[in-house]
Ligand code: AMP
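The data below hold one chain only, encoded as structure tokens and taken in the form predicted on its own.
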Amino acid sequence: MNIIFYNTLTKTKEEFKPLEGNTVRIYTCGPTVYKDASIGNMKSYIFMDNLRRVLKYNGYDLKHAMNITDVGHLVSDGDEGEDKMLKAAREEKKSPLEIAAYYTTKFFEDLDRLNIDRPEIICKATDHIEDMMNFVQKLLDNGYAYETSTAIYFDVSKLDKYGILSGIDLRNQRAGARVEVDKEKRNPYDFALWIKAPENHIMKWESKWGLCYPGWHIECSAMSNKYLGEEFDIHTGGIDLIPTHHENEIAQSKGCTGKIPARFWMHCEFLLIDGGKMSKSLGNTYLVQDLIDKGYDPLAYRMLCFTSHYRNKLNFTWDALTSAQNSLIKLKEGYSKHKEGEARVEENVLAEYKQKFLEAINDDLNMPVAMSVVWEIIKNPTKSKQLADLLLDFDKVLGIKIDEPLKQKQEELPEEILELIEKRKKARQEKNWALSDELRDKIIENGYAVKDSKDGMTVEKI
């Protein structure tokens, strides 16, 4: 059966086939590991996981690379402001590499909690500095880059077209770079490839241009080229990466190889919180751990993501998550009832269910329609182990562990207990173990049991 994906590059749905053989080569923009990943970030990685699972379900092999940005990345994704890694290091009184190691571990813990399959290749920016330098040199050799006293810039005017992905009009764009606007730039919209480090800059490397550090965009171009070649099948990321990061990746690759690196560009839409933007100032930047602390299984959030297409915004509310958790419970109960059933189901009925499910997932990962097929099977009055086996087969795509019980049941905790939990989480993050123990005792005094594990802290009524 044909697979159809929406391609941001062409603004249309297209039939997908690998460029070479049976192996699909994918590149995903990974996290900048200077803080915890939010559930908004995780929406993009659940989409990435769905893509992987659908391709594997269709019999393809995968060669998938994802970067870990542990070099630094400026506060604005438009390439300006203070370096996020250095800002976090200063605030937490740690080295940038300590910050990166800590949040990288937490990121992968969250992937595991959400049952997100890991790409075959995980590539850290700090392990690929030489690859980036070589890429920059190639751009200089090809005439697409130039050196100033502060940086090496990509010359956008040398491209036949800049803005091929986003349709951006350079005449309406303001200057942006990983350093303050440089008067030596040829064009205000040229972007930095390689920055000459100020004396007080912590992360810097020896190069032929002196002590320097890489621009944000160059790492993805260098690493995708190294592991996947000059042209590969799919590039994924959040929709916020289109106008700057992915546009600049395309520019860099065209300047280096003359080619657009990926044939398909696939992007996941934003997560809304109560109909609005997720924001630290609004106090609604939720983490996977926050869901667990409130008594939800992380896979309930995965279920919630299946209620909306990946190219549509998803509105997160606690009521919606409760509904998703209840649905997850019903799915698991429905699977168990079919597993215990002894009735026989006609092969043509099973084939029809499978056909409908496959048509849905192969139509640009249409998970809401795929889930409607799953519910048809759950509600089938004929209880049959054949239907249970079919649901287990579908779970290769769903990834909800339909044959396993929930890790924990949702339970409303009193506001004063939730406040103590939040304070204890902060104390543990700051390694204030004395305060952590004190807060644990207060929770216990109020009639709740506290359990710490690698999956985080759980609190239950005694």
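Numbering starts at 1 and follows the sequence shown. These numbers come from a predicted model, not from an experiment.
One more form of this protein, predicted in complex with the ligand, exists but is not displayed; see below.
Contact check at 4.5 Å (heavy atoms) against the ligand in the predicted bound form: none of Val24, His64 and Tyr227 pass. Stretch 24-32 is the contacting one of 393-401, 52-60, 425-433, 24-32, since its residues have non-hydrogen atoms within 4.5 Å of the ligand in the predicted bound form.
Using a 4.5 angstroms limit between non-hydrogen atoms, Tyr353 is distant from the ligand in the predicted bound form.
At least one heavy atom of Gly237 is located within 4.5 Å of the ligand in the predicted bound form. Although the partner is absent here, Ala320 lies well away from the ligand in the predicted bound form, with no heavy atom inside 4.5 Å. The shortest heavy atom separation between Trp209 and the ligand in the predicted bound form exceeds 4.5 Å.
Screening Val288, Ala151, Leu241, Cys305 for any heavy atom within 4.5 Å of the ligand in the predicted bound form leaves a single hit, Leu241. Exactly one listed residue, out of Phe264, Phe270, Tyr102, Phe108, brings a non-hydrogen atom to within 4.5 Å of the ligand in the predicted bound form: Phe270. Within 4.5 angstroms of the ligand in the predicted bound form, the stretch 39-58 places a non-hydrogen atom from each of Gly40, Asn41, Lys43, Ser44, Tyr45, taken in sequence order.
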